[in-house]
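One chain follows as C-alpha cells, the form predicted on its own.
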Amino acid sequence: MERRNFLRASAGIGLGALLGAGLSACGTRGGSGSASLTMSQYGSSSRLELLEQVFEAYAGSYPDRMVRLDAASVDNYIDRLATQVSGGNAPDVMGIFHNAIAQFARQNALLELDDHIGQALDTSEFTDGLVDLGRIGGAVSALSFGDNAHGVIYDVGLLESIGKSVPEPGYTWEDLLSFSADISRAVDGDFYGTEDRSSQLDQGFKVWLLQRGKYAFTADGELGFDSTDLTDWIEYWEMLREEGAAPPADVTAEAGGTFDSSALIRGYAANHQTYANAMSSMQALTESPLALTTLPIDPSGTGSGHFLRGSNWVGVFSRTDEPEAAVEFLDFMFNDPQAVEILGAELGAPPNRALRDTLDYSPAEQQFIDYVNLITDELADEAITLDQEFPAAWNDVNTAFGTATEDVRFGRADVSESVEQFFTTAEQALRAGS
C-alpha cells in the first residue's frame, strides 16, 4: 500500500455551506418538551470546553432545554459514576470508557437504545458495524462518539535525523525487530527503536491474536487463545529487549499510562503503540512531527488484525427522568452540523460519515481521520461487541496478563512459569465472574 494513499487528504464541500444549510433547515426545535439534563464526562479541560460549546448550541436549537456538565478526573471517574448509579442519582447522559460499558449494561444502568434508533436517534450515516459494537446482552446499550483503531505513532523528526522513515502498512513483526534495533544503534544514549507494550492486553496483543484468527475472549466468555499464543508473544518481546530494540524493564517501568509519560514523549523511544485518536493529543506535547501507521502484520497470518473500535462512548442512565430528551441530545451531538463541527475529532472520527468528510481538521487530526478511514474501509477484520471484548472478569484477566509479562521482563519468572500462572489465574477469574 502506498503512503500517498494512506495519507491522502479528504476532499469535501465546505462546512460553512453545509452548516448554514443545516441551521436554516432546522432553526429552533421543540423536541419532546422542556428538559434539564446532566452529562458526565472525563478528559482534558479543552475537551470539556468543547462540550460546553455543544451544550450552548443545543440550547440555541432547543430553547426549552439545557444541559449541565458533570466533569470528573479520569482517575476516579468510573468509581464515581458507579457510586452515582448505585445511589440512583447518575447523570442523564454518561460518557463511559469502552472497557466499562459492558459492566454498566450488565447492571441494567444503561437505557436500551434499540427502540430509539431510526426514530429520534439517527445512525444511518454511521460506519457499518459501529452501532453493534455497543450491543450488550442483545441490546444496544451505548454508542461511540466515533470510529477508532489500534495504531503506532512515530517520531518522524527523529527517524529523519537518522535516515529512516515511518514503516509502511504491511510491514511484519520481524521488520519491526530489525527496524527498531537499527534505530537503537543509530541514536546515542539510552534510546530505543520501540517502546515495550507487551503488558497491554488491549493493545497490540489483540491485533497479534486476530492475525492468528483469534479473539482474546470467546462469545461464551472464555479465553480465546492458548498457551502457545501467549508464549510466542512474550518471547517475541523478550527478543526485542535482548537485541536492544526495546528498553530494559527498569526503563519501561518509568513510563506511565498518560501520553506525556509515554516513552515517545519522554524521549527514550521512537514510537508509541496506542489508539489512533491519541495522535492529536500527542502531537500537542512535542514540536517534532509525528505520524501514524499500523501495527505489524504476520505474513503467515489471516488479515491485518486491525478492527473497528469505538472511541469514547456515551449512554443514557436507565433511570433518568428524561429518556426522550436524553436520546434527542445524543442525536444532536452525533448529527447536528454545528455540534459535529465543534467536537471535530476530539472524541474520535465523527460517526456521521457524511459530516466527517466536510470538516476542516488540523494536520494531526487529518492524519487520524485518514488512518481510521483506511482501517475501517480497507483493512479491518471483523470486529466483536464490547460484550465479548470485556467479560465480567476483564479487570482480573487484564491484571494477570500484565503480571505474567512483567514477571518475565524483570526476570522474576521464566516464560513457561508466567504463562502457566496466567492461565491458572485468568481461568479462575472467568469462572468466578460468569
Partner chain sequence: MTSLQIRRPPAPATGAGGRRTNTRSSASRAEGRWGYLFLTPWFVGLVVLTAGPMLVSLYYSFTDFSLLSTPNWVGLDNYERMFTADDRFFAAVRVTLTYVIVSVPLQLAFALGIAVLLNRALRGISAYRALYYLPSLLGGSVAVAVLWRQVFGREGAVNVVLRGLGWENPPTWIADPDFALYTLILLRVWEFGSPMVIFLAGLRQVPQEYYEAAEVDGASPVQRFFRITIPVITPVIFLNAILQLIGAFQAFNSAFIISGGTGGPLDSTLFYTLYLYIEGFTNFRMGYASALAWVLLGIIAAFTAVNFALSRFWVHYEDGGR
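Residue numbers count along the first chain shown, from 1. Nothing here was measured: the structure is a model prediction, and the numbers come from that model.
The next section is about a form of this same protein that is not shown, the form predicted together with its partner chain.
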Which residue among F217, F205, Y268, F259 has a heavy atom within 4.5 angstroms of its partner chain in the predicted complex? Y268
Quick one: of D250, E287, D188, D226, which gets a non-hydrogen atom within 4.5 angstroms of its partner chain in the predicted complex? D250
Quick check for you: of 35-43, 391-399, 373-381, 52-60, which stretch puts a non-hydrogen atom within 4.5 Å of its partner chain in the predicted complex? 391-399
Do E365 and its partner chain share at least one heavy atom pair within 4.5 Å in the predicted complex? no
N89: heavy atom within 4.5 Å of its partner chain in the predicted complex? no
D387, heavy atom within 4.5 angstroms of its partner chain in the predicted complex: no
Check D79 for me: does it contact its partner chain in the predicted complex (non-hydrogen atoms, 4.5 angstroms)? yes
Run the contact test on E254, T403 and R412 with a 4.5 Å heavy atom cut-off to its partner chain in the predicted complex and return yes or no. yes
Partner contacts in the predicted complex for 336-361 (non-hydrogen atom within 4.5 angstroms of its partner chain): none
